[in-house]
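Only one chain is shown below, in structure tokens, and it's the form predicted alone.
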């Protein structure tokens, strides 16, 4: 009777940290070890660890108690093996990765990361490595999945910050501006803005008009309410080298003369304990990744569509970013409640 080969897999986390990574590592490792009898290697510091051959053998004990931890027990880096700068120096990083993958006798490499990580993972897949991708980012902008873990935690943090700004804004009758992360996608700004009762929400996907934005804020200040909450996505259109929040604040101050205060939430959105929703999503992603490996389905990214776990060819994600679509229902619902997105005035606003 032929003995089935014991599979050996590697796990790495690359790019920016976010809540839920450890839950995903745990999901992959525990399922691989307990359900499928696989051997698991943890690669240190993203793709840099595979280049430098830095790793540790993982057993069930290593991944016990990490479900609630923020960050990543494996460490991460921004190493881009196929980057233009990296390909021009003397070190052939893709070649080293392939060699060390073979030296470790890996049957698959699980890459946990965002858009950049999926791009690198896809290119390694094209070069013959068995790859499974798990999408993570607070920005929620990985193409091919409805949601990434890390997003819900970031929205919770941003929403709490907006909640707290309401009291100060009301007490001092100011315009409070909060800048949130998201790169060129406005998912965090939209969801936290609506959850936190933001009055004006500026998104990269909806070009704002300066006069519309100013008329809306002026009307609120003089007729309706003495304060406003402005939620600004970091990726909105603005002059180069300008910070989104500061730029909008200066615009309001110069044109309207109103007192404003800016809060840049920054890396607070990426740190700390993952929300229950992110823990569950990351766990679902991790366990399904191990299942795909057991079935020999490689070159795929785990995804969720209509709350069902599935996978797509990882090559399909290259060069694509998941932005808020123009017909996104949440935007239409917010408009009906008087929320302004800087492109048109709400119907219940008097043009001064």
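Positions refer to the first chain, counted from 1. All values derive from a computational prediction rather than experimental measurement.
Keep in mind that the form predicted in complex with 6-O-phosphono-beta-D-fructofuranose (F6P) is not shown, yet the notes after this line are about it.
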(message) Only one of these stretches, 213-221, 100-108, 83-91, 138-146, has heavy atoms within 4.5 Å of 6-O-phosphono-beta-D-fructofuranose (F6P) in the model of the complex; which one is it?
(response) 138-146
(request) Examine residue 129 and determine whether its closest non-hydrogen atom to 6-O-phosphono-beta-D-fructofuranose (F6P) in the model of the complex is within 4.5 angstroms. (result) no
(message) Since only the chain is shown here, I'm wondering whether residue 186 would be in contact with 6-O-phosphono-beta-D-fructofuranose (F6P) in the model of the complex (any heavy atom pair within 4.5 Å).
(response) no
(message) Please determine whether residue 181 contacts 6-O-phosphono-beta-D-fructofuranose (F6P) in the model of the complex, using a 4.5 Å cut-off between heavy atoms.
(response) yes
(message) Is residue 95 near 6-O-phosphono-beta-D-fructofuranose (F6P)? Define near as a heavy atom within 4.5 Å, in the model of the complex.
(response) no
(request) Could you check which residue among 250, 225, 78, 261 gets a heavy atom within 4.5 Å of 6-O-phosphono-beta-D-fructofuranose (F6P) in the model of the complex? (result) 78
(message) I need to confirm a contact call. Of 174, 119, 238, 270, which residue comes within 4.5 Å of 6-O-phosphono-beta-D-fructofuranose (F6P) in the model of the complex, counting heavy atoms only?
(response) 270
(request) Any residue of 233-259 with a heavy atom within 4.5 Å of 6-O-phosphono-beta-D-fructofuranose (F6P) in the model of the complex counts; write them all down in order. (result) 234
